[in-house]
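Take a look at this single chain, the form predicted on its own, given in structure tokens.
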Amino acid sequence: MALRARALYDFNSENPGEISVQENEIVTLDSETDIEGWLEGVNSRGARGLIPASYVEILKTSEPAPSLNNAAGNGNASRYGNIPTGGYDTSSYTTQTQNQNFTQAPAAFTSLSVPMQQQQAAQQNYQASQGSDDDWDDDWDDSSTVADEPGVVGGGSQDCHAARYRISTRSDTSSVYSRSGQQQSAKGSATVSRNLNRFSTFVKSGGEAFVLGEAAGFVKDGDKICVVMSQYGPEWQENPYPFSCSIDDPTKQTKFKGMKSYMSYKLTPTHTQNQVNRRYKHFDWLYARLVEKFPVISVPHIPEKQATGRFEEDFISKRRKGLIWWMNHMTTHPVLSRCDVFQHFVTCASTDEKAWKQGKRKAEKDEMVGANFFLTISTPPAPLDLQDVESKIDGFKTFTKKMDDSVLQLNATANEFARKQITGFKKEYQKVGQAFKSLSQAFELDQQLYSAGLNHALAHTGDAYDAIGEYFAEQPRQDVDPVMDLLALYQGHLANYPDIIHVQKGALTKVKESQKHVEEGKMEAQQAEGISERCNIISFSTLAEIQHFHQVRVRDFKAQMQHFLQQQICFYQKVTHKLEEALQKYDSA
């Protein structure tokens, strides 16, 4: 009997010989024995290759594969479901897919279904896809290095004007590991075990290297990121120079004598008032850089690419709205809004190609990413209680799981509600209107002068119901669509948090292991204290990011619900006014 296994998480193949699987997908394995952490098998689509052993569980008994296409979470469903065509042009709605909606709903938040998802996105953003308006081109991908550029991190020269000092988490008394991963043991000491699963977010993000004291790098004064204590707990220090950035006037541009087309967006930051032009691929590049740099900060997802229909008016409008939501979150985040690469993105003049490329290369050579990012964190002197931290993280995990379920439910409900308005409600009201008109036409056959007023009033009533039907079809653009755009943004946030929580949980695990070693006399207390201090930095950062998430969540949902209800009130006032107009016609009948 074939050996079967169920995928625990989504896995996207990156290398030849690997195969992709989705969470809960049933795969057939050749053997239960893994080879260096990999199993060979066949997925449900018949592709054969390697799968990470830690991503699947062996099924000892026959179990049916659960459906991957539930109504609420199917990322390929159209925005308003399969709206039937005919009698009304619904193309502006039926073409709105979840890909345009710029995030896919996570199937289950607790499943860590997105390990390395952000890191994979960062890698994929370097790969050109032929035939897209977002391809890398020669003026973007030149192979110049930064060796001859002054002031660029990682280049041959260093900025001698900025205060700059080297920070290392290594200790002369602690046991460390060589590059090959073999332990260099100190006499009479023990080390906290390494996570050998290269797919672990804790490893990929650099969290493990930092906690174990293996991070080292130069930190400039301007790179310091401060966490402060407030009445609500740890928070990121506010940006002393807040600003916003508008995105306007998307225009179609061409290059190579019209052979290549792309959309250009005009960005105007309030702190400079200088307009810059950016393409979607520039947003894509920026997103990849930020994801790579900040392992415990939730970088909102940007609207996803689309191969076809990207120059259609509805898609352009929707993408612009998605980018506005994204930019609003970026400019209001105390850390993201101040980082060099983001400032370069919103301020570098579109016409200064040399400055743009230099800033791009500098960002790509940035050393303070991953494990080194934690070196830039400045925390309050008093350490956190690790047990209290763990309790708060568990509470946040429970909260986000519930929020994720609720967002999926609301998204599905709003989607169905909009679909009914566009087709069902419109059709039913226009049916009623047609019936009133038919009655009016019948009454006209009596040819009595005193019935003309009534006939006219009945016809006007029919027109009123016909217009109300159109109101229903147009209304989702005003109220439901903005709510769904907000839900899509937060689905992206919620998809980020399993990885962030995993980094913090991994750090706590290392602390517990070190404390156990101290109790057993296998590790010096000084080593364990170093691990605990570094875990404290990760805990401060994670709690500060959680606090920021809650603050902007309250702000966003309050504002969006006010807008939704205001639009609903305006809508029903329009309906009421139309009915009142029809009623007045009977006064003179």
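Just count from 1 along the sequence shown to find any residue number. Computed from a predicted model, the values in this text were never measured in an experiment.
Below, we refer to the form predicted together with a further copy of the same chain, which is not included among the displayed structures.
- Partner proximity in the model of the complex, defined as non-hydrogen atoms within 4.5 angstroms of a further copy of the same chain, places exactly one of 461-469, 206-214, 347-355, 293-301 at the interface: 461-469.
- A heavy atom within 4.5 Å of a further copy of the same chain in the model of the complex is found for exactly one of Ser31, Ser44, Gln562, Gln526: Gln562.
- Interface residue among Asp446, Asp248, Glu519, Asp385 relative to a further copy of the same chain in the model of the complex, by the heavy atom within 4.5 Å criterion: Asp446.
- Within 4.5 Å of a further copy of the same chain in the model of the complex, a heavy atom is found for not a single one of Tyr241, Asn274 and Met484.
- Taking non-hydrogen atoms only, Phe283 never approaches a further copy of the same chain to within 4.5 angstroms in the model of the complex.
- In the model of the complex, a further copy of the same chain sits within 4.5 Å of a heavy atom belonging to Lys420.
- Mapping the unseen interface onto this chain, Met368 falls outside it, with no heavy atom inside 4.5 Å of a further copy of the same chain in the model of the complex.
- The closest heavy atom approach of Thr413 to a further copy of the same chain in the model of the complex falls within 4.5 Å.
- Contact residues in stretch 535-569 (any heavy atom within 4.5 Å of a further copy of the same chain, taken in the model of the complex) are Gln547, His550, Gln551, Arg553, Val554, Phe557, Lys558, Met561, Gln562, Phe564, Leu565, Gln566, Gln568, Ile569.
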